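One chain comes next, on its own, written out as structure tokens in the form predicted alone.
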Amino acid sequence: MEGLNRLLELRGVCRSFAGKDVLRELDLSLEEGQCVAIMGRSGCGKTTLLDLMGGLDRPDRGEIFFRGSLLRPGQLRRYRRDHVGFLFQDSGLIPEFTALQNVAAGVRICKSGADPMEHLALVGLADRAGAYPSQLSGGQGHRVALARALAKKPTLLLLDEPTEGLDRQTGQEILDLTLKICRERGITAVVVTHRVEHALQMDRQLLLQDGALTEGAVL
């Protein structure tokens, strides 16, 4: 993908838990607007890698750069707030909030958020704005969570098994919608997935194994 600018770079990143190395001297460069898939067996460190990329965690060793500038510990909160959107396996919706209120809650924590209703409409749920999470299907809940993440106007969208727990058709619809919006808006997306067919829809496919990434290994 020529002509793109580097958005995020991890250099020699290491992360250990309870004396076990999860990530070992890991290097990764992401370009603006890329959609990237990360695959790997359970427990190999995929979520840990996303947490580091999103500023939710810090490496034991190594450096992370955002648009060429080193991300220092004191900058992580602002980085998360202003540049990163998250979508996890569990939609993480607040049960006492309506769909619209859940999206609005995400917008309030950042400085450049958009209109919550506009983003519910973007994911096809304008007519469910007043519904509570218990009144939504699994797929609708994931769409609300996607609207909440996108309403922050993120530069980087991190998705951890976003179709987990959904049937294949619904999961495919959620992924198609996510990639369509990210590509239209130039959002860099990193998707952790165990489905090869989903990984093949991305611009790049990476395999995380033994603490390191291999390009194209899932093909």
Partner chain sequence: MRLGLLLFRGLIRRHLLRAVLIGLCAMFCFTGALGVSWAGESLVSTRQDLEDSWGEADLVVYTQHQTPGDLEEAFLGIEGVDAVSEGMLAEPIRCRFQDGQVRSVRLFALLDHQLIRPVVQGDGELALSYGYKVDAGVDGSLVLALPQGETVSVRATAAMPMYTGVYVDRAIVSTDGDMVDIYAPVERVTEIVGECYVNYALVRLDGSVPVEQVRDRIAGSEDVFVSYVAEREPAYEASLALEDVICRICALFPWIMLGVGLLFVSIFLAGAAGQCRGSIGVLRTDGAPLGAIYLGICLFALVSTLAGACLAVPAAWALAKTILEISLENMGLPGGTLVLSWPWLIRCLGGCLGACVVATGVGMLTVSGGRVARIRRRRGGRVRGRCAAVVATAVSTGAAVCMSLMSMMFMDSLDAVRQEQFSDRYGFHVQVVYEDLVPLSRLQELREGDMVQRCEPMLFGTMSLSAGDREWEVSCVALSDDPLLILRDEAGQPLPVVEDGICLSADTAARLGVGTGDLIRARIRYGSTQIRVMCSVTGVSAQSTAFLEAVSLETVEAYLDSSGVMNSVAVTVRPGCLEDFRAYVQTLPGVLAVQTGEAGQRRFDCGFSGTRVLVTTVILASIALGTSVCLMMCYAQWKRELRRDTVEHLLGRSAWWLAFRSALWRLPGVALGLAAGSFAALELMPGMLRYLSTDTIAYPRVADPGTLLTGGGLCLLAEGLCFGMYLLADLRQWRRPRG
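Numbering follows the first chain given and starts at 1. All values reported here derive from a predicted model rather than from experimental measurement.
Another form, the form predicted together with its partner chain, is not on view; read the next lines as being about it.
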Heavy atom distance at most 4.5 Å to its partner chain in the predicted bound form, all of 165, 183 and 198: no
Any non-hydrogen atom of residue 128 within 4.5 angstroms of its partner chain in the predicted bound form: no
Residue 74: touches its partner chain in the predicted bound form, heavy atom cutoff 4.5 angstroms: no
is_contact(residue 137, its partner chain) in the predicted bound form, heavy atom dist at most 4.5 Å: no
Partner contact for residue 94 in the predicted bound form: its partner chain, 4.5 angstroms, heavy atom: yes
One stretch from 173 to 181, 187 to 195, 27 to 35, 49 to 57 that, in the predicted bound form, holds residues within 4.5 Å of its partner chain by heavy atom: 49 to 57
Sequence-ordered list of residues in 10 to 27 near its partner chain in the predicted bound form, where near means a heavy atom within 4.5 Å: 17
